[in-house]
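Form predicted alone, single chain, as structure tokens, below.
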């Protein structure tokens, strides 16, 4: 028998409601994660161990914030939302970013892991949207994936460098990578989660989140082997109280001082043309 024919969607019209709801949640989760990535990369434009890494951090920040604009545009056009306004007024507990990004990225090994593992998690999700049955998503996804190749190259290079040096840097890489994997597992959610299953069934995604996590663990394990270190796979996450909107298992969110800097309310009076 041939492969089942998957309907294409030019808009949300005709898309199963569970898939439309799941896609909205996923786009917010990706946008919030990339917003926090952009913020933290921006902070690390200064303080890197090499000038080239500082330039790369600036470029990574710009790319991530550009991706946020693409994702926000989809949410605005197809769900009628105002993402910019919602960033301003949402409670911190409503942010759906990977929890590794909730706190300041305190040292260079953690920044490298943010690049090599956390950023990779979002990219692996994006890869499942390549060729999506939701056509408005395709062009944006292809652009983001093209730029993410450069992100991965930078993160993997530094991950290998710090691991091979050994000592405190290698130990810090291992610890941060294990924390990042645990955060990624929580963010991806439980196997067979209804919204995710609906997206796969509708052809919006090609792969479920359980498979994404398995692939991510494989990627990080291979990267660690090349760096001469060992990164343990995360223990099974508890999803008893998992919230598909915030992608968290308990109350929490980005630190208040980080969210303050993400919001432009304090400087709204200085907007051009106002």
Partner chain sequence: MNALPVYEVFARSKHDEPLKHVGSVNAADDDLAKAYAWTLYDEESWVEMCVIPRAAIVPITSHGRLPVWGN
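Note that this is a predicted model, so its numbers are computed, not measured. Numbering follows the first chain given and starts at 1.
Omitted here: the form predicted in complex with the partner chain. The next part is about that form.
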Interface residue in the model of the complex among 156, 170, 197, 93, criterion: non-hydrogen atom within 4.5 angstroms of the partner chain: 156
Contact assignment for the partner chain in the model of the complex, among 56, 68, 27, 231, heavy atom within 4.5 Å: 56
Residue 225 within 4.5 Å of the partner chain in the model of the complex, heavy atoms: no
Residue 123 within 4.5 Å of the partner chain in the model of the complex, heavy atoms: no
Exercise: residue 60 in contact with the partner chain in the model of the complex, heavy atom 4.5 Å: yes
Touches the partner chain in the model of the complex: residue 160 (any heavy atom, 4.5 Å): yes
In the model of the complex, segment of 170-178, 133-141, 146-154, 71-79 with a heavy atom within 4.5 Å of the partner chain: 146-154
The partner chain in the model of the complex - contacting residues of 20-54, heavy atom within 4.5 Å: 50, 52, 53
